[in-house]
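Presented as C-alpha cells, the chain that follows is alone, the form predicted on its own.
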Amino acid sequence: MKFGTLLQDLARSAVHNPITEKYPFEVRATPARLRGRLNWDAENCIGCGLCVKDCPSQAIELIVIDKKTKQFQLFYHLNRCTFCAQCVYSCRQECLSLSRDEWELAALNQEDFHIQYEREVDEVPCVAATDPAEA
C-alpha cells in the first residue's frame, strides 16, 4: 500500500463516523424471515415422526412413550441444526416453528445445545378405596 493512499484513508476516517454498530448496546430489530431456535407445541403433536424423517442434519429425535395419551419427548440437537426449516414445512399439525426472537444461541457448554421438550401430562390423583361400611 502506498503512503499517499494510507494518508488519504486516515484523513477520510477522521472525518466520517464509523459504519459499525455498537451491537450489545444498540440492537436492531430482527428480520421477519429470520430462522432461530426450534420451538415445539406438544399439544398439537400426534407423533407421526415426519419432522424426524425430513430433517437433513438429524437434529431432531422423537420418542413416543404412549401415542394414545399423546406422551412424547422431543430431543432437539441445536449444534446439528442448519436452520433449514424443513421440519417446520413437513409438520402437518403445525406444532413446530422457528423462533425469530431466539437467535443468539452461543454457549460455552455442550449440554446447552441439547434441548429436551416434553409434554406436561395432567396427573390424575389416586383416590383411596373406602369401605362403604365405614361411611
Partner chain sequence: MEKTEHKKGFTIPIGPQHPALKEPGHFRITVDGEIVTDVDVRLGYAHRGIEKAAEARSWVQNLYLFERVCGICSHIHAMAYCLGVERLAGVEAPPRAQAIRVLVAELERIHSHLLWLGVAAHEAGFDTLFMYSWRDRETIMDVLERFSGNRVNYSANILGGVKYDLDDEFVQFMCEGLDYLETRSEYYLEVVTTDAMFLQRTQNIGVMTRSQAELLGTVGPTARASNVHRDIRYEAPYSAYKQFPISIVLDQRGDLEARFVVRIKELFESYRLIRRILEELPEGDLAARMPRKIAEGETVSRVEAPRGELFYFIKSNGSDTPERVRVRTPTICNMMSVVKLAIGHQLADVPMILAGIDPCFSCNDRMFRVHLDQSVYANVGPLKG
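Definition used throughout: the rigid core is the maximal C-alpha set that superposes within 1.5 Å between two forms. Since the model is a prediction, treat every value here as computed from it, not as a measurement. Numbering follows the first chain given and starts at 1.
Below, we refer to the form predicted in complex with its partner chain, which is not included among the displayed structures.
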{"item": "4.5 angstroms heavy atom contact with its partner chain in the model of the complex for K67", "value": "no"}
{"item": "Contact flag, A85 vs its partner chain in the model of the complex, heavy atom cut 4.5 Å", "value": "yes"}
{"item": "4.5 Å heavy atom contact, V27 to its partner chain in the model of the complex", "value": "no"}
{"item": "Non-hydrogen atom contact R35 with its partner chain in the model of the complex at 4.5 angstroms", "value": "yes"}
{"item": "Partner-facing stretch of 85-93, 102-110, 68-76, 39-47, counted where any non-hydrogen atom is within 4.5 angstroms of its partner chain in the model of the complex", "value": "85-93"}
{"item": "Contacts with its partner chain in the model of the complex, stretch 43-58 (heavy atom within 4.5 Å)", "value": "L50, K53, D54, C55, P56"}
{"item": "Residue shift check between this form and the one not shown, rigid core fit, D112 Cα at least 2 Å", "value": "no"}
{"item": "Residue shift check between this form and the one not shown, rigid core fit, R12 Cα at least 2 Å", "value": "yes"}
